[in-house]
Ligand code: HEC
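As structure tokens, one chain now follows by itself in the form predicted on its own.
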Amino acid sequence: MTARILALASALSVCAAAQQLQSSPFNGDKESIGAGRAAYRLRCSACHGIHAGGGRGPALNRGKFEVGDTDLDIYRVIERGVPGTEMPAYGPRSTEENIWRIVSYLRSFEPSPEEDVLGDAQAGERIFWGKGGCGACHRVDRKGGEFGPDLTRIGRSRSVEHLRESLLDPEEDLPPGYFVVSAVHHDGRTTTGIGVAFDDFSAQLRDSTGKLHSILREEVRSLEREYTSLMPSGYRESLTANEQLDLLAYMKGLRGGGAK
């Protein structure tokens, strides 16, 4: 028991030193990197991909990180999360050592280049606000609707593969918090929108015009929560292959200030 306590104290001391040096104490250690990989696959792969290639979250296997260039920058994002995004704080549910091991695992990749999109971003911007009708539901900077997720920084937070899937197969991966609520009134009318709140007795939903509806279950014929997407599913047919590439190029360039 004494040896175990000493080993733990030593590891914590090393981790504290790492915070001062801004680098993981486990870099290059195969056993620790393996443990980091296991922790990553348990906690991170659902959003960032099984091999860190990106998905709902950004790719982490390119050797470059939006949060900063040091190991400590990566550590702090894992520990604290990113307010206002889907990235939760893992500090309360993990140990300092395990977070550093995840950092070392992410540092073990040979840098992978970002996928290029052979499209015209300017043409894609015109499609976004015109033929594609994307701006009716999605906001970019201060322009557009609020029915769907804000896409102002979507190029930073999503891989090209995930953007392509969201455009062409929207039912495959629904954004968290964007479930659909559908209410059928006694006179046959249907009210459908994005769920704001839902329980056994009532629901709140926001329709495509932005209007908020509060509905009591006892006042309607049915009130259902549906895990389906309100995103149009016909872009494979309505947009040509080149137009799809143009739209992807535009969205890839959205990093906080419009197309880049």
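Numbers for residues come from their place in the sequence shown, where the first is 1. Predicted model only: the values in this text are computed from it and were never measured.
From this point on, the text means the form predicted together with the named molecule, which you will not see here.
For Asp199, no non-hydrogen atom is located within 4.5 Å of the named molecule in the predicted bound form, even though that partner is not displayed. Though the partner is left out of this view, Gly28 does not reach within 4.5 Å of the named molecule in the predicted bound form, counting heavy atoms only. Though the partner is left out of this view, Gly54 does not reach within 4.5 Å of the named molecule in the predicted bound form, counting heavy atoms only. Although the partner is absent here, Ile215 is not a contact residue: none of its heavy atoms lies within 4.5 angstroms of the named molecule in the predicted bound form. Contact check at 4.5 Å (heavy atoms) against the named molecule in the predicted bound form: none of Arg126, Val140 and Leu245 pass. With the partner removed from view, the residue among Glu219, Asp207, Glu66, Glu226 that has a non-hydrogen atom within 4.5 Å of the named molecule in the predicted bound form turns out to be Glu66. Residues Thr228, Ser229, Leu230, Met231, Pro232, Tyr235 of 199-237 are found to place at least one heavy atom within 4.5 Å of the named molecule in the predicted bound form.
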